[in-house]
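Form predicted alone, single chain, as structure tokens, below.
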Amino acid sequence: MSTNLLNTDSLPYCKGCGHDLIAKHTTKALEKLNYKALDVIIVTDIGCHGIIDKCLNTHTVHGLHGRSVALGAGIALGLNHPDKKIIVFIGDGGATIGLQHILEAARLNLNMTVMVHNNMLYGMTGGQTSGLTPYGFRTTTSYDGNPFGGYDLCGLLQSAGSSYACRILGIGDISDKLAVAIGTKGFSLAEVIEICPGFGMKLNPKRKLGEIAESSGRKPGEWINRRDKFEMPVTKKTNNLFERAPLIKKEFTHYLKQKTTILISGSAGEGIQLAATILSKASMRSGLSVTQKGSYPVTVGVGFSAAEVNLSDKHIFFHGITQPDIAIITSEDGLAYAKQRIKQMQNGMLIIDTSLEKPITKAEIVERDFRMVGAKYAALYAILYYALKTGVISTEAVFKTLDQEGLQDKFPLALIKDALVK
């Protein structure tokens, strides 16, 4: 069967795989509805069905496992074009991994269609049980038959508010049934029951699709809600998000001779990221190009906190730092995080709190008691000391930034100024 949306009749599936049927009849249904190839965006998930991408003439997006519906939802929210069609291909494994994405898209009634390739197991990874595996169906992880019943996906979608859901047996010409789902305004889903020839047939010999669906209480049918499709509310639109960012004008002179990379490393909760931001904005006020990137554990408020800052008098096209020119270390956590990179420094400067053990490095080591002003203020003291020590930017640019950000009362600036001149 040749269609304008497929570039080959020979699809990359095992012989007898229902994925072949779904792909060919989805494209046939689209043509019945007069969709052209470039009117269609197909988002595929991880799984055997996902290898269809190269065979499609449509726009295609390949997602992460269980996330294809979320990607499709993003496209639906951003694409204000009623003549285009968003279709998501996903397996039963991906559908249960990303079940919340499906339910949210149904709840919002986004204008998209999901095709669930339900072969009742994880076909690509070895035939394991999925959340849609029926009770009693045998898989490689349930040789005696699945002891649990699978989700009633269509029932869940009806309660979530989808415009349309259907369950279809993957036998014969299903294009008309798929066309109903595709032609629905709002969220629609077609759950196509099929069987994997590699695992499902071998582990469940002589069982028929109709009998499996019947015995598991998952009969074919339709579930309908009479709802309008989602319409994006009219709000103020910003074409350029940079327009919202306040312009930082040059007010001071810099004395940077070459691009400089700075690693600031300390403890979470001690203002490392804020200090890096102040340094960055002060450098911008001095006419420099700047990038800033933060690193810290997933559990916020514990362990290290580090920031990487690039300073240059030219445009910066890569924000990464392999080896810092300047390392500023204010705590034990920060030293533990940065020790290996400090060890690799062949030159440059290490500015480190006096309470810390001096690490092995070929960089010039400068010690200072930053924590004497308080742990929460040590990082700010350290960047002011960096400015004073190197002269790259002025301390006045830092103090002006604190003033402009409304932070002058949040720091013991008198104490820090006294410490700087000692």
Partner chain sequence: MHKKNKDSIVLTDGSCLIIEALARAGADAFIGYPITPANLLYQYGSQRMELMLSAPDEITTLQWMSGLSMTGKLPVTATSFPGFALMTESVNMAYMMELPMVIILVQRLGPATGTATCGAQGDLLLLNGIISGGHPIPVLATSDFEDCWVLAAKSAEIAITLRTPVILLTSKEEVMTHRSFNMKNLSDISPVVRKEYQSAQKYKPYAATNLVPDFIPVGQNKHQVRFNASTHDQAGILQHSTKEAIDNTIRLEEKITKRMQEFQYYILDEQEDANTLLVAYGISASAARSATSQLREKKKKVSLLIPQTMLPVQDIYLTKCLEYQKVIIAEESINNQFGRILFGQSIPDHVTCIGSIAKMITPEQIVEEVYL
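This structure is a prediction, so every number in the text was calculated from the model and none was measured. Positions refer to the first chain, counted from 1.
Just so it is clear, the following notes concern the form predicted together with the partner chain, a form of the same protein that is not shown.
Item checked: Site test, His62, Thr238 and Val298 vs the partner chain in the predicted bound form, non-hydrogen atom cutoff 4.5 Å -> Verified in the predicted bound form; spot residues all in contact, yes.
Notebook entry, point to check: Okay, which stretch from 290 to 298, 196 to 204, 146 to 154, 161 to 169 lines the partner chain in the predicted bound form, with non-hydrogen atoms inside 4.5 Å?
Noted result: That would be 290 to 298.
Note to self: Give me the residue from Val373, Val392, Cys48, Ala70 that has a heavy atom within 4.5 Å of the partner chain in the predicted bound form.
What the structure shows: The option sitting close enough to the partner is Ala70.
Notebook entry, point to check: Of Ala363, Ala387, Leu356, Ile41, which one comes within 4.5 Å of the partner chain in the predicted bound form, counting heavy atoms only?
Noted result: In short, Ile41.
Note to self: Taking the partner chain as it sits in the predicted bound form, is Met284 near enough to touch it, meaning that at least one heavy atom pair lies within 4.5 angstroms?
What the structure shows: Looking in the predicted bound form, residue contacts with the partner chain include Met284, since a heavy atom lies within 4.5 Å.
Next item on the list: Indicate whether the partner chain has at least one heavy atom within 4.5 Å of a heavy atom of Tyr255 in the predicted bound form.
Entry: So Tyr255 does not count as contacting the partner chain.
Margin query: in the predicted bound form, does Lys229 come within 4.5 Å of the partner chain, counting heavy atoms only?
Written below: So Lys229 does not count as contacting the partner chain.
Notebook entry, point to check: Does any heavy atom of Glu104 come within 4.5 Å of a heavy atom of the partner chain in the predicted bound form?
Noted result: Flag for Glu104 set to yes.
Notebook entry, point to check: Who in 316 to 336 is close to the partner chain in the predicted bound form, meaning a heavy atom within 4.5 Å?
Noted result: Sequence-ordered list: Ile316, Phe317, Phe318, His319, Gly320, Thr322.
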